[in-house]
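Let's start with one chain on its own, the form predicted alone, as structure tokens.
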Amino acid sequence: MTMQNPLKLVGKAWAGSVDRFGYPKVIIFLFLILLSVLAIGQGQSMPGFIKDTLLRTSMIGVLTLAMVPGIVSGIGLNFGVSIGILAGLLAGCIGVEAGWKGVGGLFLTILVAIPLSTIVGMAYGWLLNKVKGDEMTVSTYIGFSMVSLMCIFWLILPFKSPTMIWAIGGKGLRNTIALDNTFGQVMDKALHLNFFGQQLPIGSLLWFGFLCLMMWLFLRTKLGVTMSAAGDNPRFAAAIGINVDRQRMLGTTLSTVLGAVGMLSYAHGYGFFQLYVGPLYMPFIPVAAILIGGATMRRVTISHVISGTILMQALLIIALPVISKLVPDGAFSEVIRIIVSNGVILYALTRSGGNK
């Protein structure tokens, strides 16, 4: 009898946690605790892990936030956010070509990215309205296709900046474009906090938090509530006079714009632009992050964005050094790291249909 009570308490705690947070978040959290204990036992730098996790969260967070308007408006997980990412990269190249620098240069580049991504987002939203029911399949195909098509355009766009074009021949953009002399990490250099010898990226975190706040406020406006109603129950929304297609297009466009801004935020923290096939698989990371946070195909909140991004990035940051110490063979540890990182993404995707 005395042995059953603790087991019942554990069972109730597990069931309550799963009901409240969902399987992905609970399992990932427990795995993260295990890795953290191993890291402390190995003498790893936990302040360094915290700094890297926050940096990666600020980089990926806006891309994860880009999933929210798509889910709310009813198009589901936006695997076609690559279109917005490409618009952000194009705006970034325009900014480098123009010589824009510092925080002002970064926000000028964002201002260029917004109209570019709005135009392509509206066209993308129109297309998704024509293929209702197959949005995930079509968006994935469109995203892959546009990345492949842009591989040609990166070679023929008439940019002249020596930091972007190939040194030999003087034509075509390089695969990797450094942002050291333009707007790379400028927000973190302007505003940071010392934490046990580590510089926390306060500037980027405040930017991510600001965008989350703006999305939270938007979803509580009349327009945001209308979009949510159209996505939650399209038939009822149409019956009371809501133009469902228009709301879906709005959600798709907002998602695409946030994808462009998210790409610039990512490149800002990374310090580089990666062109050509660099954006090909980027949508899978924010999709997995928001699912790990507890979102479903029909329901999402800002807390899902924040918690999912932190959990996923913390896991990926801690896993590699812990595995490298457990398995000294570099090649084998890299294989395990790839299995862990891709396993997290696949597990999250398998849970995408839960909690309907």
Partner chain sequence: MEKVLEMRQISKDYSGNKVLKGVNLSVRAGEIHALVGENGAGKSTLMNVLFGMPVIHSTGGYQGDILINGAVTEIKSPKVAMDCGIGMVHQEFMLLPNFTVAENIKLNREPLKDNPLSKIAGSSLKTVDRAKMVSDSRKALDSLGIGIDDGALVSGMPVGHMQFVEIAREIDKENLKVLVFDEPTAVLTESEADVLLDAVKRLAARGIGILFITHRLDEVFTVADSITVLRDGEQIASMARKDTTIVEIAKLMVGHTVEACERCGNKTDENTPLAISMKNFSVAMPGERVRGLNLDVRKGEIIGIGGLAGQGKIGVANGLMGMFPAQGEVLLHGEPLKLNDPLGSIQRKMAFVSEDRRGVGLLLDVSIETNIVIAAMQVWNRYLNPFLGLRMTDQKAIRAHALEMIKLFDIRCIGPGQHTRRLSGGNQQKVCIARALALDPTVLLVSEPTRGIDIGAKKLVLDFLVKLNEEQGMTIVITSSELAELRSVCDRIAIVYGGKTMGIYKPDDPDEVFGLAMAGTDPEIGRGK
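Residue numbers count along the first chain shown, from 1. Remember, predicted model here, so these are calculated numbers, not experimental data.
Note that the form predicted in complex with its partner chain isn't included here; everything after this is about it.
Exactly one of the stretches 282-290, 138-146, 238-246, 83-91 approaches its partner chain in the predicted complex with heavy atoms within 4.5 Å, and it is 238-246. Residue contact with its partner chain in the predicted complex: R220 places a heavy atom within 4.5 Å of it. The closest heavy atom approach of E97 to its partner chain in the predicted complex falls outside 4.5 Å. Put simply, D134 is far from its partner chain in the predicted complex: not one heavy atom of it is within 4.5 Å.
In the predicted complex, its partner chain lies farther than 4.5 Å from every heavy atom of K325. Of the candidates V103, L206, V225, C151, V225 is the one whose heavy atoms come within 4.5 Å of its partner chain in the predicted complex; the others do not. With the partner omitted from this view, the residue of I202, V186, L250, A229 that lies near its partner chain in the predicted complex is A229 [heavy atom within 4.5 Å]. Within 4.5 angstroms of its partner chain in the predicted complex, the stretch 277-311 places a non-hydrogen atom from R299 alone.
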